[in-house]
Ligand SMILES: NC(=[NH2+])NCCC[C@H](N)C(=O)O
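Just the one chain here, the form predicted on its own, laid out as structure tokens.
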Amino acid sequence: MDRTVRIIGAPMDYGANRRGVDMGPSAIRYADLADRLAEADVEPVDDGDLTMPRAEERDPDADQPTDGNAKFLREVEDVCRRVSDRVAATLADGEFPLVLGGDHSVAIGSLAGSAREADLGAIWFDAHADINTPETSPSGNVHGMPLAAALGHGSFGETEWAPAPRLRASSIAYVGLRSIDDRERELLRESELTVFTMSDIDQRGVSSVVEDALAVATDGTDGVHVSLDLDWLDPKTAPGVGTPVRGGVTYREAHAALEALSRRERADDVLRSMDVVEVNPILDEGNETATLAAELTASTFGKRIF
């Protein structure tokens, strides 16, 4: 084993609209994540979970932006600052940070930490665009805003904790997008973000799309952050998510996509950090979604059938 993967649990559910996703890190660990990573020939080291108060103990509207709505913004900021510091410290130690969410707002911290000392690209495996701002969000749920925060859009640009310092929109690629708000659609068309929808996967195949996404994320960057939201998969395959959208990737397509990341030449130099998010055990069936999350993470690091 020549690579150490440090597991950082971030059991946060402040950014979601359904309880239970805070149990995601435990469920993924219970699905033999460490053993599966070891089978992929990496050494897993578990840092445990960040501690945080329950959402019921906090006022979701206590710290609102100047314009718009972002629930539990104070709590999201606190967690993401700590995630960012853990990710940056892990990289400084020569190890690979693997953040287990929690809802997708933890990616604000993952991206900020990974981009602290490097020009960063990102591949976003997700059904949703996650580029709403407090000003455009119809719900105020921050798990629909992590990319907007990382890129400093809207009122996030007035903060110092949210933007990822060396992340550019032109180095980010979505894979499998299929649910976009009207305002997000406008923002995407005006941006330099690269979008591969489920239609692209249907027409071209998932491996080809991932290769193109990698080309975007590695162009002029020092490494790539992988963000895997389990609602990227079809809900028949991954039922334990808070915002399911029909028409996602299949079990085999998901594995092929993540395997494609590790097949790239010098993958150890390309992949820099990762988060796995939005597993909700309350909504799951027999820990099926958490097991899939653990399997796909191992595939990212090179585990194969043969």
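Heads up: residue numbers just count along the shown sequence, starting at 1. What you see is a predicted model, and the numbers here were worked out from it, not measured in a lab.
There is another form of this protein, the form predicted in complex with this ligand, and it is not shown here; the text below is about that form.
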item	value
Interface residue in the predicted complex among 155, 137, 84, 90, criterion: non-hydrogen atom within 4.5 angstroms of this ligand	137
Close approach of residue 128 to this ligand in the predicted complex, 4.5 Å, heavy atom	yes
Any non-hydrogen atom of residue 278 within 4.5 angstroms of this ligand in the predicted complex	yes
In the predicted complex, residue 225 touching this ligand (heavy atom, 4.5 Å)	no
Exercise: residue 211 in contact with this ligand in the predicted complex, heavy atom 4.5 Å	no
Region of this chain that lies against this ligand in the predicted complex, out of 200-208, 114-122, 72-80, 180-188 [heavy atom, 4.5 Å]	180-188
Members of 203-242 lying within 4.5 angstroms of this ligand, judged by heavy atom, in the predicted complex	229, 231
